[in-house]
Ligand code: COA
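Only one chain is included here, represented as structure tokens and corresponding to the form predicted on its own.
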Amino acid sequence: MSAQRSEEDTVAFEVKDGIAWVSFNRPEKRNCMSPALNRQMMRVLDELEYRDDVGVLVLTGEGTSWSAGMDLQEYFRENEAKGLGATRQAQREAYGWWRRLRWYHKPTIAMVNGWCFGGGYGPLFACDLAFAAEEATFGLSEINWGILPGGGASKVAAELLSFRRAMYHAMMGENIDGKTAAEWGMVNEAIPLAGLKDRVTAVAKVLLEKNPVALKATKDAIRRVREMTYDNAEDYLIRAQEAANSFDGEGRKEGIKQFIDDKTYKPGLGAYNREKSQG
């Protein structure tokens, strides 16, 4: 079946109630990422990023897997046989859409419904939030077949895990379940598979109520300041706030008005009513 699947069919998506549900669509291959899938995923991200009917993007997998990583046959062996140029092209296509997802205009959520291995850690980290089924399986198995966790996987482990856990995870090649992934900080929460989509939908609906300009600025700020000194981060955040205000100053004013003047909203208990500022 994999030989018959068109490039366009390697990624599936639907938009419903403001949420774009994007799926790796190679269930017969545990949704491992091929060059074709990587190219198609970039097209899908392009199509959805600025659509008015999309407020949140959820990335998941068809069938019983999220993504088993890179396709060993198509991504590695076939490209290596074609030479360095083909290998570099395949890397650009894969890393390109992961990078695009890290800085995506809309909030993104990884909904890990099953296997998440190796190269799958790239898009996992690229998503702003991550929720996993308790039954999901995570693993860096590269060490078991004689290579290091490349393609950003080692960086993801070092970013999301403590030093000792990152070392253990990468060096031992042992799998962990969704509960452990949540305990270790790889995902926000682990939920029984039967309730996973409901939980992700609930989170997405909360995000849809937030100011989208503020969400984009916040997403970028959290990623950027991790690599800054405190003083540099302080300066960056001042400038980022000023830039966000220039794009949507009325939204900020409306939120303050509803709190101070109207007394219809409390910042610690939800989002302000955006419909009033839009109207």
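Throughout, we count residues from 1 along the sequence that is shown. Since we're looking at a predicted model, the values are computed, not measured.
The same protein also exists as the form predicted together with this ligand; that form is not shown, yet it is the one meant from here on.
Colleague: Which listed residue (K210, R30, K219, R39) meets the criterion of a heavy atom within 4.5 Å of this ligand in the predicted complex?
Modeller: Looking at the other structure, the residue within range turns out to be R30.
Colleague: Sort through 139-147, 186-194, 101-109, 156-164 and report the only stretch with a non-hydrogen atom within 4.5 Å of this ligand in the predicted complex.
Modeller: Stretch 139-147 is the one.
Colleague: So, in the predicted complex, is L72 in contact with this ligand at a 4.5 angstroms heavy atom limit?
Modeller: Taking the distances in the predicted complex, the answer for L72 is yes, it comes within 4.5 Å of this ligand.
Colleague: Can W115 be called a contact residue for this ligand in the predicted complex at 4.5 Å between heavy atoms?
Modeller: Taking the distances in the predicted complex, the answer for W115 is yes, it comes within 4.5 Å of this ligand.
Colleague: Please check if G178 has a heavy atom lying within 4.5 Å of any heavy atom of this ligand in the predicted complex.
Modeller: Outside the cut-off, so no.
Colleague: With heavy atoms only and a cut-off of 4.5 Å, decide whether L59 touches this ligand in the predicted complex.
Modeller: Although this ligand is absent here, L59 would stay clear of it in the predicted complex, with no heavy atoms inside 4.5 Å.
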